[in-house]
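In structure tokens, the next block holds one chain alone, the form predicted alone.
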Amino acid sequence: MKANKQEITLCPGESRELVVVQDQPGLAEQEAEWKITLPEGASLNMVFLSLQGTVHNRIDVSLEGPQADCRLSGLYLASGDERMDYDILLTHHVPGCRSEQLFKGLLTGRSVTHFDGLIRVVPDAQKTEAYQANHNLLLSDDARAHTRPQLEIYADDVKCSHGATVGRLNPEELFYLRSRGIPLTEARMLQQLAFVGEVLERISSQEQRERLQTRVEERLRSAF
């Protein structure tokens, strides 16, 4: 399958928000490559929602001007035999830029996900701030989440961190909800909705956010 290639170059000082929704049923393959360039003072907030299907996303971001700011967020919901992959390279080329990444996944069935994220800070890109987090919840015994966050830093005056988790629904939270008379199925659903909420909240348009929250909940209730 040929990848859908997208190039995005913001103007200096421009601020933009993009929401990418991947929602093809069955094992339909969706492959996309994103090449993103941010010049001086540009700001990008980009949210990916991979709701079903087989997904391959490759994202290459270059921060090339001082005070450029990039926020990448993503939510992937994988069920059945679906596979969802995110391959991210985010490079700080100049001093004084900031980036933040938050990606979350819910997996059930025999689904498999891969998150491979690299933050690269080149020599002399001082005063960089870069953060990356990837969190996954497994809702079945056969689901597999592979995660590899990475830092490659060649400057010494930076604030950078990364982290990843792969776990299951919190049994103490579940017990608390059950003790309040909430049925087991609904209690598990409330936990899932709370988990995905942090990503959805990054969509600034209330109308769009509420519409996508409804779609995410439909997907969770039908397959998870």
Partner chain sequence: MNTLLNIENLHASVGDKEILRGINLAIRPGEVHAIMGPNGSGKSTLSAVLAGRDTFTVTEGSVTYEGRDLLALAPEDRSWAGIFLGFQYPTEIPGVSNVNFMKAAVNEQRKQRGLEPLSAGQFLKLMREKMAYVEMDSSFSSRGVNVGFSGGEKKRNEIFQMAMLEPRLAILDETDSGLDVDALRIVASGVNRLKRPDNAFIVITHYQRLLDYIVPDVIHVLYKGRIIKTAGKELALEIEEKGYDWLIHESE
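Numbering follows the first chain given and starts at 1. Treat the numbers as computed from the prediction; the structure is a model and nothing was measured.
The same protein has a further form, the form predicted in complex with its partner chain, not shown here; the description that follows concerns it.
For the marked spot (172, 182 and 190), a heavy atom within 4.5 Å of its partner chain in the predicted complex is present in each of the three residues. Proximity of residue 178 to its partner chain in the predicted complex: non-hydrogen atoms within 4.5 Å are present. Of the heavy atoms in residue 28, none are within 4.5 Å of its partner chain in the predicted complex. Only one segment in the set 45 to 53, 58 to 66, 32 to 40, 182 to 190 has any non-hydrogen atom within 4.5 angstroms of its partner chain in the predicted complex, and it is 182 to 190.
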